[in-house]
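Take a look at this one chain, the form predicted alone, written out in structure tokens.
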Amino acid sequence: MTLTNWSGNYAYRAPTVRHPRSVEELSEIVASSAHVRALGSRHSFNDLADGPGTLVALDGLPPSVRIDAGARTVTVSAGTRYGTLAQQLHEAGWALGNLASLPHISVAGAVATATHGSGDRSQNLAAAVSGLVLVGPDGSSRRVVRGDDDFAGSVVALGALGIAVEVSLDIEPTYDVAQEVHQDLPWETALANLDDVTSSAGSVSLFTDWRGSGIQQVWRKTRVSSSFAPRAEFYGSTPAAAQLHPLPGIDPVHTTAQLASPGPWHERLPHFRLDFTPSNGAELQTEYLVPRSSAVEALHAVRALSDQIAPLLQVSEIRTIAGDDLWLSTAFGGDHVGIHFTWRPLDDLVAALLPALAAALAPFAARPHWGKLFADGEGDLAHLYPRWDDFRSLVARTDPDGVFRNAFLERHGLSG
């Protein structure tokens, strides 16, 4: 049986897939393998997680969630899904500062690829990492913690430094969130007031198909306080009268609760509920992150391609991400805006469009999401990351024989 990613657009080519039941078994597999890569929840749309040798799936490792209330951290087994972790944290009175739109993704995989949620003051998920345990090429484990010389290069590492088996994350006391949805926000108003729009709630998502004069939906997630009050009007848009799905005509039963109804953070910050497999069927995804200072110009550039984009698109989402100092983070060095595309399953047509999209966004130093589809030229990403050469040196020191090397890393000059 062919193993594919969750949407079915990529079939893994590795000849062997192993499901270790313990860290000790995983270490033995790594030590005896010429090439090995980790496989998480299979939410990448490209060959990032694939390899020429053995894939080790992390879902069989013993589940573990250990809360250190004094340090305000939680330490989890790497294959743990964010939704599962969130439920246990909330029950114990704790929370994460942010979540991605899907709670189904694994902690280690999301961290390694700089996957993010949304919010002017919310960094990507990897920025919450305070430590991690990696199994190195000889099978031995090493712990890297915040403050270590190589820590900022070891968190968003694309699997190049080893296989994460344990991740520690910052936590805070639990809180409630209310989610409001507004419809038909005029494009010109949104662009003229972009800072005010995205700062109007803790997390803001703009959903658009790039057609016409308006953004179809605005999802706003706000931490509930005594002063919270729903917005009757929002920059010319109107509040939704019923629960909505980001895609028109799709039953919203599996989306998280809207209509300004307060509820636990983990039941509002994602767009979709954990008990729902998040897909409208087969799909493809692309995302570019541009510096916040260039966001309006970049959005104009994408709108200029609307006639080419819209026929291939299910929906686009625009979000903000606060900057961080992680070397290969797509938000390294400053605040960014993510421009996300969920495509129809039209592989060849999407692949043909991606170079034009990349060219339109190139003047704005746009960084593609590591785990999604992008115009995959050789050696064209190094100039976007000031610590690129430092990361290459770290890979050369950590994995000199290329045990964790794969085609994706080699194609982009990241194999040390």
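These numbers come from a predicted model, not from an experiment. Note that residue numbering begins at 1 and tracks the sequence as displayed.
Keep in mind the form predicted in complex with a small molecule is missing from the figure; the text below concerns it.
The candidate site formed by L39, G109 and T113 is fully in contact with the small molecule in the predicted complex, as each residue has a non-hydrogen atom within 4.5 angstroms of it. Annotated contact segment (heavy atom within 4.5 Å of the small molecule in the predicted complex): 95-103, selected among 219-227, 307-315, 95-103, 256-264. Think of it this way: in the predicted complex, the small molecule has a heavy atom of just one of I339, A295, L158, I215 within 4.5 Å, and the residue is L158. With the partner removed from view, the residue among L361, V350, V30, L58 that has a non-hydrogen atom within 4.5 Å of the small molecule in the predicted complex turns out to be L58.
Using a 4.5 angstroms threshold between heavy atoms, R319 counts as touching the small molecule in the predicted complex. Mapping the unseen interface onto this chain, F391 falls outside it, with no heavy atom inside 4.5 Å of the small molecule in the predicted complex. A residue is said to contact a partner when one of its heavy atoms sits within 4.5 Å of a partner heavy atom; L373 fails this definition for the small molecule in the predicted complex, lying far away. Proximity of E283 to the small molecule in the predicted complex falls within the 4.5 Å heavy atom cutoff.
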